[in-house]
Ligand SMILES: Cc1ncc(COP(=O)(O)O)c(C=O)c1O
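Okay, here we've got a single chain as structure tokens, the form predicted alone, with questions on binding and movement later.
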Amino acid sequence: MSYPKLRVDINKIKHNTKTMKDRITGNGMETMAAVTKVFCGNKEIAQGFVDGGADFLADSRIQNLEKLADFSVPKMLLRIPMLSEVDDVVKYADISLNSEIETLKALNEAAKGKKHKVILMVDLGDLREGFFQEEDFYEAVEAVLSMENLELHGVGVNLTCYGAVIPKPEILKRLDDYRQGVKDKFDYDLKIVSGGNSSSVYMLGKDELPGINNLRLGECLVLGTESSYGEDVEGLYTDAWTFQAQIIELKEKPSVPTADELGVDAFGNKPTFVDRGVRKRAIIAVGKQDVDNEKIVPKDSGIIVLGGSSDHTILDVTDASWECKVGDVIDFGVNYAAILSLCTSEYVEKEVYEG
């Protein structure tokens, strides 16, 4: 056995994917893009998305889409392309999200001999990517329609990721207005109206997604939660992932450093401590280089995460449900940010299993 380790039950991922695909189509939508970025394009987990019915695999990193090149489903690049990567974008992505005319021109040049599909992003107030002014959007529409190697495929929006704007019917109605505007001004039908990410999931079943025919989902598929209010989505598994780390030291020590003057820790922060007296403290072999220790939660409620440094995380195991010893493995629940960090770390083993 090798630790630290991040384990994922692929059957729960498949279940979540199939359940959400059924709900999306049941709400009159056509397609679902399953977002692979949180697990860095792991092919086994991506296969779970495909087996669950995902119509697209979507990622922010072209390197991850390159890993998925053998998958037959269309691939979508979520992050606005860099000019330096346009050749790879048209090679590994069937569709890309865009908001810069200069980049669209470069994609058109790179896509000679094939049709690369583009979705134009609009900013509806979250203040991340997208055209903010309508005239700029329609200028880009006109430009793409004149480009030989690009196909104007749709319009999209991203909400909550930066500005935490909650999707609402009146906001998403503006996205459909852009679709209608393209029809009115250019007599052109957009195939995709992509109404955001897992933050839009809470609106499913409420007839509040006007004109939307596509969602780009990641968090609700991997964690079973929606990202507007952080609530569990009914019928989805929320425990597909378990992080495991091994105890390398176990000793009784004071709970407050034994010195009169304290400086800053390894990350430049001045720590604070709660005096609980002498406690049984365990060190596990994982650190902030791998994951923020505030984003992992021991599955044993008697264990407390105290803090850590680059390579060590310190736990209070005095009230653990068993008598801990060196070599024992501690199980943790993880949130989206923890999965992202742990999957990115080359020092953490990833294990996909069928539960």
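Computed from a predicted model, the values in this text were never measured in an experiment. One rule holds for the numbers: they count along the sequence shown, beginning at 1.
Note that the form predicted in complex with this ligand isn't included here; everything after this is about it.
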With heavy atoms only and a cut-off of 4.5 Å, decide whether residue 128 touches this ligand in the predicted bound form. yes
Going by a heavy atom distance of 4.5 Å, is residue 223 a contact of this ligand in the predicted bound form? no
Using the partner position in the predicted bound form, report whether residue 218 sits within 4.5 Å of this ligand, counting heavy atoms only. yes
Looking at the partner-bound form in the predicted bound form, is residue 35 within 4.5 Å of this ligand by any heavy atom? yes
Exactly one listed stretch (236 to 244, 280 to 288, 260 to 268, 191 to 199) reaches within 4.5 angstroms of this ligand in the predicted bound form by non-hydrogen atoms, and it is 191 to 199
Candidate spot 39, 305 and 339, all three touching this ligand in the predicted bound form (heavy atom, 4.5 Å): no
Looking at 155, 212, 78, 90, which is the one with a non-hydrogen atom within 4.5 Å of this ligand in the predicted bound form? 78
Could you list which residues of 90 to 106 come within 4.5 Å of this ligand in the predicted bound form, counting heavy atoms only? 97
